[in-house]
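Shown here is one chain on its own, the form predicted alone, set out as C-alpha cells.
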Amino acid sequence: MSTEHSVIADSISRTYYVGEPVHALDGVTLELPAGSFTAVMGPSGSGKSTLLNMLGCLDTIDEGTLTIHGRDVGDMSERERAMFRSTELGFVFQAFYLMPRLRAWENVSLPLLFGEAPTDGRRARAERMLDRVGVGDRIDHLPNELSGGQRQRVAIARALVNEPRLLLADEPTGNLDTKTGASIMELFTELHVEGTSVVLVTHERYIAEYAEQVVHMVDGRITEIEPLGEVGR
C-alpha cells in the first residue's frame, strides 16, 4: 500500500452546544493511507457521522489538525473548502438525495455545474459514469422510476463524476435489502481496488467486513482500529 496518506487527523475535537455541551469528537487521531478502504462503526451518538462530516469538510473542528491529501483543512477559507469538496471528495448518503424532477444523467451532472465543461460534455461524462456503476440503461429515468438500488447507483455516479480521490459514504446500504446492499458494496470494493480511498460508516458488521480495517468509536473517541486484511472479504 502507498505510504502517502489521504487523511491525517491529529487530536481533532468537535463540541456542540444543545443545552449541555456534547463532545461529538474528543481527541480523535487517525491516519488513512491513500487508496485504503476503512469502515467506521459504533453505537448511535458515538461520533461516526461527525467524523465523516469533518473528513468531508462539511463542518469545522474546534481543536487539533486535519490534513486531507496534503492540505490543512483548518487553513482553508469557506470558498477554498467548497472548491476542495467539489474536486477532491465524493459523498454517498443513505437517503440518496436525488433531485426528483431531474433525470438520472442530470442528477449525476450536478457537480459539474461548478466547472467549465459545456452541457454536451457534462452529459457525456454523466453517461459514462452511469454506465460505470451499472445503470447506463437508465440515463433518462427520473428517480421515482428507479429501484432503491438503482437510485443508490445514480447517487454513487454523482459522487464519482468529478473523479474524487476520497469517497465518503454514510450508511449507503441502510435503505437497501441485503442482496442489493451487497451489490453496492462490491462496487465500492472495485473503486477501492482501482485506487480510490473509501471511508464508510455502517451499523452492519457484514458491510464493514468489505473494508480493510474497522475503526470502532464510542463517545466521540476511537476505541480500536481492527485490521481485516488486504481485501476484507
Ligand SMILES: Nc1ncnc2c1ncn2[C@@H]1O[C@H](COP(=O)(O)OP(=O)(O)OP(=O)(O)O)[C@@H](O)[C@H]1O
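Heads up: residue numbers just count along the shown sequence, starting at 1. Quick caveat: nothing in here was measured; it's all calculated off a predicted structure.
Keep in mind the form predicted in complex with the named molecule is missing from the figure; the text below concerns it.
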Work out which of the listed stretches, 63 to 71, 36 to 44, 160 to 168, 190 to 198, brings a heavy atom within 4.5 angstroms of the named molecule in the predicted complex. 36 to 44
Quick one: 18, 24 and 48 and the named molecule in the predicted complex, is every residue within 4.5 Å by at least one heavy atom? yes
Can any non-hydrogen atom of residue 203 be found within 4.5 angstroms of the named molecule in the predicted complex? yes
Check each residue of 56 to 80 against the named molecule in the predicted complex and list those with a heavy atom within 4.5 Å, in sequence order. none
